[in-house]
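Single chain ahead, written as structure tokens, the form predicted alone.
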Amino acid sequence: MRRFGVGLILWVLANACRAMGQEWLATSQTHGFVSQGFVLTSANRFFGDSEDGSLDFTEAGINLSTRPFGPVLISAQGLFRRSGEVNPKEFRLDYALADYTLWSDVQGRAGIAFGRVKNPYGLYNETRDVAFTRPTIFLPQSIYFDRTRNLGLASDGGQVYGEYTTAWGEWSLRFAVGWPNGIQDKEFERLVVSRNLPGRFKTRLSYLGRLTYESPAGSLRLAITSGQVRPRYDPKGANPFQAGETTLVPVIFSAQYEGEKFTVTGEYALRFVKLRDFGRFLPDRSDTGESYYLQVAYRILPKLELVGRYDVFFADRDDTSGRKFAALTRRPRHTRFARDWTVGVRWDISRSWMVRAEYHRVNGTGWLPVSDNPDPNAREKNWHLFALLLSFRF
């Protein structure tokens, strides 16, 4: 009887594993993408030596997903990215998570995810990797900074979510707790302490949440995002700075209307930034940054789209001209703001191929990557940017 019992248990386990394996294979999906860009600027550098024309803008990724059994989803993506001196050549695990649906019916669902999870930030952050899902080659830099992309993109931790449909529309809530990626990137250090020193920032437990409403017809989306990130600086060697702390609190209001041919999108953000305990070479201070953009896309043909955008960034809403900052630091005023007029065109050659072109007229250098432009006095206030992008997906 004991042998029979052991054999029965082994038989049940073997069949369960076989069934799970069959489910795993039946639900597995693999997708990927490759994008190559060209960037030309009249002055300043953006994604490489763009003043002479730069091809240092490459994105390639592959993602896998499967459902080993009903409520569980396992998904991961590996990414290669090259974007000038910010990311010369970077291979990274973009995200890797296990998602468990706790409740699901016709009115909605709720669940929890663990691992390296995308941050619920604004309208575009969770899909910004794939060029096909972005409204333009470069997202509005006033809110979706490419210079600190890794910091905003994903966190190692957990996320709870819920979606519920009513007669007035669908509501969804996502709340994430974890340790943000990108805190140790040299670009983030240069933004805070102005140079790359032996010390480094250490990530700490952070929070981020987003509440979204979508109208019954799906034409209107409204959202509010907020959270807190508190990286701490660990000085090493001959370092003029002490063990200081940075507190970042973003608040983003998002709205999007999608009609038959027009899509109108706007987002407004406040960024509460506090620096303290870095020592006499970086006095304690608190700034409130302000950003907003308005974007209109028009589909001329099913495969051809035009887009226009006005994008504004202020590092300090109480010093929008940068005069106070320049008087205190003797650095150019234009490093504290940027106003960007953008026009672009998208052509979907096929379901797998897409080509884009866009032009930016920029006043200010507030969101330029420090790694590409280390000398603030060498940056020019008024400049132009032209970009091309060829993308493939499967």
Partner chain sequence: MLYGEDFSPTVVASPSVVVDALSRNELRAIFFMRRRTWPDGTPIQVFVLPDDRPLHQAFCKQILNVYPHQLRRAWDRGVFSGTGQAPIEVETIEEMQEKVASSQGAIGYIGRDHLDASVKAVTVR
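Predicted model only: the values in this text are computed from it and were never measured. Residue numbers count along the first chain shown, from 1.
FYI, the form predicted in complex with its partner chain isn't displayed, but the following is about it.
Residues placing heavy atoms within 4.5 Å of its partner chain in the model of the complex fall in a single listed stretch, namely 130 to 138, out of 130 to 138, 241 to 249, 80 to 88, 275 to 283. The single contact residue among Glu290, Asp99, Asp146, Glu187, judged by any heavy atom lying within 4.5 Å of its partner chain in the model of the complex, is Asp99. With the partner removed from view, the residue among Arg299, Arg195, Arg204, Arg200 that has a non-hydrogen atom within 4.5 Å of its partner chain in the model of the complex turns out to be Arg299. Taken together, the three residues Ser65, Glu126 and Gly218 all come within 4.5 Å of its partner chain in the model of the complex, as judged by their closest heavy atom. For Pro71, a non-hydrogen atom is located within 4.5 Å of its partner chain in the model of the complex, even though that partner is not displayed. Among residues of the shown chain, Glu260 is one whose heavy atoms approach its partner chain to within 4.5 Å in the model of the complex. Shown alone here, Gln256 lies within 4.5 Å of its partner chain in the model of the complex, counting heavy atoms only. Using a 4.5 angstroms limit between non-hydrogen atoms, Arg109 touches its partner chain in the model of the complex. Along 170 to 188, a non-hydrogen atom within 4.5 Å of its partner chain in the model of the complex is carried by Glu170, Arg174, in order along the sequence.
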